[in-house]
Structure formats: C-alpha cells, structure tokens
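Quick setup: one chain, the form predicted alone, written in structure tokens, and binding and motion questions come after.
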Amino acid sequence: MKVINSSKEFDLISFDSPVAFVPTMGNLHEGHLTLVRYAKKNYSDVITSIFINPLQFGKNEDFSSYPKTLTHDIKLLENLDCDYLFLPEDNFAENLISIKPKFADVLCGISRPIHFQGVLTIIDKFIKVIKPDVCLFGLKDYQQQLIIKDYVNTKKIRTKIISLPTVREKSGLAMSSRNNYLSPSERKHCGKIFACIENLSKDLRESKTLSTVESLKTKGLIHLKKNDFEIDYLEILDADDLSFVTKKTMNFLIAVAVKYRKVRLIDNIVVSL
C-alpha cells in the first residue's frame, strides 16, 4: 500500500481505472473495512483517506478528542490490500469556500448546524483532488450520503456515489468510531436503539397508513426515554428528500439520534411500502 501525503502527488500517479475512494476520519471499524472490501472487489485501484475534518465539528464537539489509531488503521488497510492511503497535508481544510448543502435543515442539521456544510465542503475538495470514479459511504449516515448524492448530481460531477448497508455490532448497535467511548456493557445496552426503530419499522409495514406515524414516534420516544437515552430526535420522514410524509410517500426513513453517557449515536431504517 502506497501512502500519499500531499494533494500534489495525485498529479504524478497513473491510477488504474476505475478508481474507488473511501473517505474516513480513521479509527477504522468493520463498517469502514466493508467499504474497502467492496471497493477492492469491484474496482481497479482503491484509495482510502484518513483525515479528521475540522470543518464538520461545532463548538463543544469532540474534534480534539476524536479517536486516533493511525498505526492500527494502516495495518487493517494493508491486510485488505488497499492500494493507496491518502493522509492529507495539515492545511487541507484551509481556505475553502463553504458549500451550502440541500437537505441539511432537518435531523442532524438542527442540532449540528455547520456539520453537513463542513462535510460537503471537504468531500468536494477530495473529489476534485482525487477525481475518483466512485466514492463509497455507509447508510448509517443516511442524511450525509443523500446530501452528497444530491450535490454530485446537481453539479454533474462524474464521480458516482455508492451507499452500502449499515454494519452492526452483535447487539444491533450501528458501528461507529464513537462507540469506542462506551464500555462493552454500554455498547450492548445501546443495541436497544436499533431494536426500537426496527420495531417501529415492523409496525409501519403492518399498518401501511400515515395516521400511525405520530403514534409510532410517541411509542419510540417512550421506549428510548425508558432506557435512559437523551433524545435529540426521532423522526419518520420521506426517505427520498427528508420531507414530511404524505399519501404519495413510498419510502419512509425512520431516523434517530440520541446521547448515552454523553456519547451521540445515530441510526436509521428505510421502510418501503
């Protein structure tokens, strides 16, 4: 695996096409590795980046304490025969024109108002520097991948955005680097987040009516509060554009964000009727 330490190096490398890009902030887990495996199986050259993007962290968030495990991350990528690891220069996120995203005024965008702007701005730079044929994301970050897909399509950027299913721990907890802030018993307890929205998805499939949406949200909120989760949101929206559901809605997004022991956790399920 070749390590690239500067954006300028991309002009000097002849990549084998098609090129797949997997952007990460490091502290790699099975969710990241699943993306790399998929890329290795389906594309010629695979580039993974590790960069903790300062633009997507708000005040009092965990930018300075975000887990850093570079040596271990490199070993994991080498074991998967990843072709390239991009470790951007320190000023990679400086002097960029911020990009205002669509679909960012709901869900995580309410409590983290600059988050998606920061994500989209840095992903735009990555795509311009690397020029990959495809860029891979996990569906745990449903709102994020929807925003990036919309931007790429609107700007007619040639890079295709591919989203893969959420990878979970045995308890059902969606894999995340922030899970490392929790003890094994706490992570097991947090499997109740997925159990909650999974039960709501079953109820929604059985009812197939809009009239149950508010009652399902109430049911879910009661369950989460009972299990000591501090709730940011629990919403049921149109999965295609994050708007309120209507009689025309065919794909429903059940999305949740909570805090447990001060650790923010998100998850979602898409229900198609």
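Fair warning: this is a prediction, and the values are worked out from it, not measured in the lab. Residue numbers run from 1 along the displayed sequence.
One more form of this protein, predicted in complex with ligand AMP, exists but is not displayed; see below.
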note = TL;DR on 196 to 204, 149 to 157, 170 to 178, 73 to 81: the one with heavy atoms within 4.5 Å of ligand AMP in the model of the complex is 170 to 178
task = Heavy atom within 4.5 Å of ligand AMP in the model of the complex: which of K192, R112, K125, K140 fits that? Just give me the one.
result = K140
ask   = Is there any non-hydrogen atom of T24 lying within 4.5 Å of ligand AMP in the model of the complex?
value = yes
message = Using a 4.5 angstroms cut-off on non-hydrogen atoms, would T166 count as touching ligand AMP in the model of the complex?
response = yes
request  = Classify Y66 as contacting or not contacting ligand AMP in the model of the complex by the rule of any non-hydrogen atom within 4.5 angstroms, answering yes or no.
outcome  = yes
inquiry  = Q144 versus ligand AMP, in the model of the complex: is there a non-hydrogen atom within 4.5 Å?
reply    = yes
